[in-house]
Each structure stands twice: as C-alpha cells, then as structure tokens.
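Single chain ahead, by itself, as structure tokens, in the form predicted on its own.
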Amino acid sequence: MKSAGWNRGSVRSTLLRALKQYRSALVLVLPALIGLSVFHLWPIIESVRVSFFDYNLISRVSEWEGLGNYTFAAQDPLFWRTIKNTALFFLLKVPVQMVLALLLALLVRVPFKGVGFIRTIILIPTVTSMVVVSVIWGLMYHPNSGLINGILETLSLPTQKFLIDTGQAMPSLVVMTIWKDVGFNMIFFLAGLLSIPGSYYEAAMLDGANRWQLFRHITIPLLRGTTVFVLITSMISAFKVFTPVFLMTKGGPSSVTRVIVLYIYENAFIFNKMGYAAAISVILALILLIASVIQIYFRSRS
C-alpha cells in the first residue's frame, strides 16, 4: 500500500514538474492553438455536419438530407466534369513545375557571381499576390490588345485566343500558375540539394562517375523525401486552385476550366446550396487525404 501511494505521489510530482517546465511554452502556443481550432478545426467539423443537410444560407433553414447530397454528387455530371478538369490541371501543371523547380535549384545551388540576383528574380512571382498576377496575365492574354499577341504580331506570327479558346484556356492557366509557383518549389529542392553531403559526390567522382551518374545515383535518391513532400503540397495546391480561374475565365469557355473549388463556390454562394457545397468539400478533402496517404506509403516502402 505504501508502495502504491508512493508511486501515485511520484507520478503526481512528475506531472507537476513537467507542467511547470512547459508552462511558458503552453502559454506561447495557446494563441496558435486557439486560432487553429477556430479557423481550421471548427470549420472542418461544421462542413461535415452541414453536408448532411439541405442548408439555406440566407434563411438559415436546414432540413436533414442524410446521404442525399453525396448521392446527388455521384449522379451529377457537372461535378464529375469539374473533377476531370481539376485532374487535368494537376497533370498539366505539377510534373512540369517540379522538373523546372529542380532544374532551377540545380542552377542556383553552386554560388557564383550574380546567383543572389537570379534567386531573387525567380522568387519574385512567388511573393506576388495571386490576384495581382491573375489580373496582369489576364490583360497579357487578351486576344486583341494583349501583350503576348502584340509580340506575336511583331514577329509576324499568328495571334492566339488564349482564354476564350476551349483548347487553349486550360494550358494558358497552367503556364501562368507554373510561372507563379515554380520558385516556391525551387526553395524546397534547393534545401534538399544543400543538405546532401559533398563527400558523396567527391567519393563518386574518385570512382570515375560522370555528372549524369552523380545526378542519377546520388542526387535523385537522396531527394526522394523532398520530392514526395513537393508532390503532395503541389497536388493539394492544384486541387485547390480557385483565384486565377475565378478572375480570368469564370470557368469558361464552355466549362473547360470549371474546377472543383469554383464549383463549390458556385453552389454555396450563387445557387444557395450550402449543404451540397459542403458535401463536395468533404469529398475533395477525402480525395486529397487518400492520395497523400498513398504517396507517403510508397515513399516509406521505397
């Protein structure tokens, strides 16, 4: 009995000492925890709850739908088209962006005269507002008075319709977003490259390895973790694309650029189908979660 009482007292004193030790840290973290709960956790829980209702945002009247919103999404052709458009945006953007980011990281990895200036130029689009970038590129893409078509006319090349052509609208958005985001991915690849010990390259060069062999057998394997991280973050960003589509095409022409987040916005704030919009949001979150888990699983296997 004395031993049990002593153990309880020892555990209690240990907990009190730990609480005193980390009290300052808890106080400093508390505002972040409150912000995370209010602006992230609570909206997620509320979205899941609303997805089971036919919720009117204006009148605040809600009727229980159960799985009705999810059943309607499974039968909604426009929903599946937005999924297809979003997947196409991802496939067109992310692979090219990752390759360019890696090449840029390799370019600015080794210090040389002017490397700081080049890094700054690459990162300027990253820190520029997406709204500003979308408006400027929208003006550049204008079929009649845009800068790009003006350059093409000067070079005696045929002008393009860009955002008003069903075959060019999505690639035009992809080009703009790659220009905007490639510098952000470059930072992660550059950090990964700088973390690789130089002794690995020196040992391989002593064994007669050329540059391609160094890149293939040292750089690529040791960047696998960074590559998976960049792939996951880029995938989430691609599936969440909204601002450039909303400002530049409104989902047109003929819905070829209507992505899933734009469809969520339309259902929630234009068609006043908040419950259905919440259900699509939950489906999108599940898609991204499953894809991320699969990528992490294969990364751990390798």
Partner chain sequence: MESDTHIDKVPSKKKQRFRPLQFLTRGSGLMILVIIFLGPYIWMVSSAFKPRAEIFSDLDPVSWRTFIPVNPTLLNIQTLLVEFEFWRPILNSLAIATVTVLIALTINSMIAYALSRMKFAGRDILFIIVLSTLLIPFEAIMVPMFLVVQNMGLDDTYFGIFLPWVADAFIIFLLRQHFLELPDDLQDAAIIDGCTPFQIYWKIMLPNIRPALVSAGFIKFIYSWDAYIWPLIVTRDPDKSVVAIAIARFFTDQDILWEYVFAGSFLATIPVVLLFLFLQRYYIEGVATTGIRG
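Numbering follows the first chain given and starts at 1. Quick caveat, the model's predicted, so the values are computed rather than measured. Note that the rigid core is defined as the largest set of C-alphas that superpose within 1.5 Å between two forms.
Keep in mind that the form predicted in complex with the partner chain is not shown, yet the notes after this line are about it.
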Query raised in the report: Taking 4.5 angstroms as the cut-off for heavy atoms, does residue 229 touch the partner chain in the predicted complex?
Result: yes
Requested in this report: Please run the contact check for residue 154 against the partner chain in the predicted complex: heavy atoms, 4.5 angstroms, yes or no?
Outcome: yes
Query raised in the report: Does residue 246 reach the partner chain in the predicted complex, with heavy atoms at most 4.5 Å apart?
Result: yes
**Report entry** Non-hydrogen atom contact residue 32 with the partner chain in the predicted complex at 4.5 angstroms
**Finding:** yes
Query raised in the report: Considering 91, 74, 131, 78, which brings a non-hydrogen atom within 4.5 Å of the partner chain in the predicted complex?
Result: 131
Report summary line: If we test each of 140, 96, 164, 83 for a heavy atom within 4.5 Å of the partner chain in the predicted complex, the one that passes is 140
Query raised in the report: What residues, if any, in 34 to 51 have a non-hydrogen atom within 4.5 angstroms of the partner chain in the predicted complex?
Result: 35, 36, 38, 39, 40, 41, 42, 43, 44, 46, 47, 50
Query raised in the report: Just checking, between this form and the one not shown and with the core aligned, does residue 283 shift 2 Å or more at the CA?
Result: no
Requested in this report: Tell me, please, whether between this form and the one not shown the C-alpha of residue 270 is shifted by 2 Å or more, with the rigid core used for superposition.
Outcome: no
Report task. Using a rigid core alignment, state whether the CA of residue 67 is displaced by 2 Å or more between this form and the one not shown. Result -> no
